[in-house]
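Single chain ahead, by itself, as structure tokens, in the form predicted alone.
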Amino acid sequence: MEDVMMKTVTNLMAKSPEHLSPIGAGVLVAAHFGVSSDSRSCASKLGVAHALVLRECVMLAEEHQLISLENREERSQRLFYSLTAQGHDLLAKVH
């Protein structure tokens, strides 16, 4: 499964280089495959700082409308999210 996900991230970056960082692509692919739906577990799976994933989630939601922010835990700042229709469409093109 990990190989399929990495290939999908690579394909996504090739198709949408203008607005997706590698971390942003990882967030989208993790949501698409059901690996994570929150920023803390996604950061852990990607092996990056939670703050970097938080920043990407906000950008993916507010600037690109590829994810929808569902909830935020006040104490940990963990964001829960899901793909929007636009996010699903983008992933369908590359997967």
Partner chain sequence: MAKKDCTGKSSKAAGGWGALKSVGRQLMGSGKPLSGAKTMLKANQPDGFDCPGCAWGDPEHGSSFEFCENGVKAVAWEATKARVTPEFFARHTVTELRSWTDYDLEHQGRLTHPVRYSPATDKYEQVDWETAFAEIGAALNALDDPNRAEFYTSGRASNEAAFLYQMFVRLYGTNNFPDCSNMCHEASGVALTEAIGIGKGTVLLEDFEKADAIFVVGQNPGTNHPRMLADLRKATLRGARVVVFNTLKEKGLHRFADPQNKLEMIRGRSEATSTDYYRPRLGGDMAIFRGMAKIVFAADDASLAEGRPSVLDHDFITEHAHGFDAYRALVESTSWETIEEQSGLSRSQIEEAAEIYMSSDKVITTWAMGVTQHKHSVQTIREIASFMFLRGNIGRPGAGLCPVRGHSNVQGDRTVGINEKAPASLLDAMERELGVPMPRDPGHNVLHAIGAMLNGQAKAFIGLGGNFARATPDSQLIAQALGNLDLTVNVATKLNHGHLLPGKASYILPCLGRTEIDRNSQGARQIVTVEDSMSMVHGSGGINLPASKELRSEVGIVAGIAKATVGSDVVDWDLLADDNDKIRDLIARVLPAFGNYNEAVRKPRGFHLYNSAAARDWKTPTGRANFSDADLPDQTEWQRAKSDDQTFVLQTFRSHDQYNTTVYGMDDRYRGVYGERQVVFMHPKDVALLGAEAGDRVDVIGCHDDGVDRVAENFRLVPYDIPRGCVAGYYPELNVLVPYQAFGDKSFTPASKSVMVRFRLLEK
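Numbering follows the first chain given and starts at 1. The structure presented is a predicted model; accordingly, all values stated were derived computationally and were not measured.
One more form of this protein should be noted, the form predicted in complex with the partner chain, which is absent from this view; the next part is about it.
- Proximity of residue 4 to the partner chain in the predicted bound form falls outside the 4.5 Å heavy atom cutoff.
- Remark: residue 86 does not count among the residues lining the partner chain in the predicted bound form, judged by a heavy atom distance of 4.5 Å or less.
- Although the partner is absent here, residue 82 lies well away from the partner chain in the predicted bound form, with no heavy atom inside 4.5 Å.
- Although the partner is absent here, residue 40 sits close enough that one of its heavy atoms falls within 4.5 Å of the partner chain in the predicted bound form.
- Residues 44, 45, 46, 47, 48, 49, 50, 51, 52, 54, 55, 56, 58 of 44-58 are found to place at least one heavy atom within 4.5 Å of the partner chain in the predicted bound form.
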